[in-house]
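Consider the single chain below, provided in structure tokens and representing the form predicted on its own.
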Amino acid sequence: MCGQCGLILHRVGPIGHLLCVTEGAMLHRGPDSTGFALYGDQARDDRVIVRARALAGVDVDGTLSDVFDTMKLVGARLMTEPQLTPGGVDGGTFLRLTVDFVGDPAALLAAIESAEGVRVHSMGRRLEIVKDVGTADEVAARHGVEEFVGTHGMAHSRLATESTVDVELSHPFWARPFLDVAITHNGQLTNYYKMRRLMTERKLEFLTENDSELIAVYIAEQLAKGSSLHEALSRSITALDGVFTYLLATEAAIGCATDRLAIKPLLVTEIDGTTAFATEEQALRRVFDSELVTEYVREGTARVWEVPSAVSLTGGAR
């Protein structure tokens, strides 16, 4: 099951609200948890936005003090006051940190997670992943997603078929420790454990044992080695075994890839400069008033849509 969607706006706009409306239409596909990968319109080379969670039972004040101390050891400092949000069913406290940092993201990640009970959900110059147990409306209301302004993003409603209902197992997944790379996925990999072993031997790390997280890290590794996003997505069709249809976002684009049967559907439409993706057409019609021309992404296909060049990564239209 599961439902996923994505949007690339033709100009900076209410991406949080639009994703909430689109994903909310697919509640029947995944009532267990909902998540959003949101890309803001402000980017700075010296700033990293961290989204994380302090697990239930953790002393938040003491944990934050530990986080600040360990961040200093890698040359990072907090730029603004931390934003704290109480968790949903799973409890805990969600953290949003704006950090002045220009070094190795892996070092910053390790410093933050060295504090007891902290799990980082995303790090990016623009990316912010918000995910929690509950429906799209419930998660959006709890975390202020409706007010988020940006250029593009993705959302996902999860039906937990083979693992527990847990925040860390919810989509989207961040490709740790690579900045600004996120994935939503519908399907299952059959060669997950072999790929994970080989990737672990290459010193890549994972927060969970979810196969979707592995796809994100796999693509991000290819990008870091110099592949284009389309090349990396195309390569994944051969490298991955199983049933998969996924959306993968970077700071400047959203791409997708399907297996050779494309059993898990994904539709795409482009109207008035905005590109939209969803598992079901009725979800797209919640956003657009005019008549839509939609197409299914075909089997064994990799495609990429770039954020319009008219959208400035430092805010507003050029």
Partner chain sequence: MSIDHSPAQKWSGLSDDAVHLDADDLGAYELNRKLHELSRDHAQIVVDNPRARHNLGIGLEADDAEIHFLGSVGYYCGGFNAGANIVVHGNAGWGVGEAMSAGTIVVHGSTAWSAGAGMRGGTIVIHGDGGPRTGIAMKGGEVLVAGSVGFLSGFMAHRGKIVVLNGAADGLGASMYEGVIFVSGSVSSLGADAIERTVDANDTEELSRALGSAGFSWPDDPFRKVEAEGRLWYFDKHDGRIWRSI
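Computed from a prediction, not measured in an experiment: that's the story for all the values here. Numbering follows the first chain given and starts at 1.
This next part talks about the form predicted in complex with its partner chain, which is not shown.
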Only hit among 280, 32, 251, 41 for heavy atom within 4.5 Å of its partner chain in the predicted complex is 280
Answer among 51-59, 258-266, 66-74, 32-40 for heavy atoms within 4.5 Å of its partner chain in the predicted complex: the stretch 258-266
Should residue 45 be counted as a contact of its partner chain in the predicted complex, where contact means heavy atoms within 4.5 Å?
-> no
Heavy atom of residue 291 within 4.5 Å of its partner chain in the predicted complex | yes
Please run the contact check for residue 299 against its partner chain in the predicted complex: heavy atoms, 4.5 angstroms, yes or no?
-> yes
